[in-house]
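Form predicted on its own, single chain, as structure tokens, below.
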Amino acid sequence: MRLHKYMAYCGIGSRRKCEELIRQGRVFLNGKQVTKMGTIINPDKDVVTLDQNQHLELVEEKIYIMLNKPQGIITSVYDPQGRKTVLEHMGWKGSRIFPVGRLDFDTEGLLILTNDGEFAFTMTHPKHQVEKGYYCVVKGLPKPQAINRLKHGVDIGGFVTSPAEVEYTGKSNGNAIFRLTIHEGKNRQVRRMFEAIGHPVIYLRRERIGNLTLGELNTGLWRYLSHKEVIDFKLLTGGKSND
């Protein structure tokens, strides 16, 4: 098994996060530092440690949580600046879990936390094209030509987005309200898309990831995903249900 994949199975993070830890020189195999990608290990014989003091073991019980993240919370398990993290907000005292992807400090909405690295990989990898739905309030009233730019792809600075689904739902105090659906996950992508057409985001909430929706989960609260939600998501992305 490849080292970064094993680490993901141990609940350290997504495969990408685990690759990053290897590049940083924080991972040790049988006491020796590893920085090479693609290193093969034998989980039954080899000993993998993080920062030389955290022995990694395969996670047996998988945890899947949905949080309706409020504004002013960091999407991280630790913040060197001392800001409140999502785990601190939840008061989480259970097994190691980590957030899948990110929501900006000022963005609300659906955030998944888990210890299942493969699930996180499926949710975030571009090849699976998992849809993400957002509720957006933007400054001013964009003209049809500007909205069409979002629908056909817009340059957000070195990257042209894929076509987005954009639905105008009304206005409030002279500002437009949209529902936007994308399947990419670039840093601050939705905000950068609206900035590119000259209408910055005033308020942003993620409401859906694939088949997972906030429903009636109030801001700041969290719940466990149901067994059916997890299986349906895996089937949606072409994975195995393991049921």
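Predicted, not measured: the structure shown is a model, and the values here were computed from it. Note that residue numbering begins at 1 and tracks the sequence as displayed.
Note that the form predicted together with ligand URA isn't included here; everything after this is about it.
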Choose from 44-52, 185-193, 214-222, 26-34 the stretch whose residues reach within 4.5 Å of ligand URA in the predicted complex, heavy atoms counted. 185-193
Taking heavy atoms only, is Val59 within 4.5 angstroms of ligand URA in the predicted complex? no
Contact test in the predicted complex: Thr107 vs ligand URA, heavy atoms, 4.5 Å: yes
Just to confirm, Leu103 within 4.5 Å of ligand URA in the predicted complex by heavy atoms? yes
Exercise: Tyr134 in contact with ligand URA in the predicted complex, heavy atom 4.5 Å: yes
What is the one choice in Leu204, Ile65, Ile209, Ala176 with a heavy atom within 4.5 Å of ligand URA in the predicted complex? Leu204
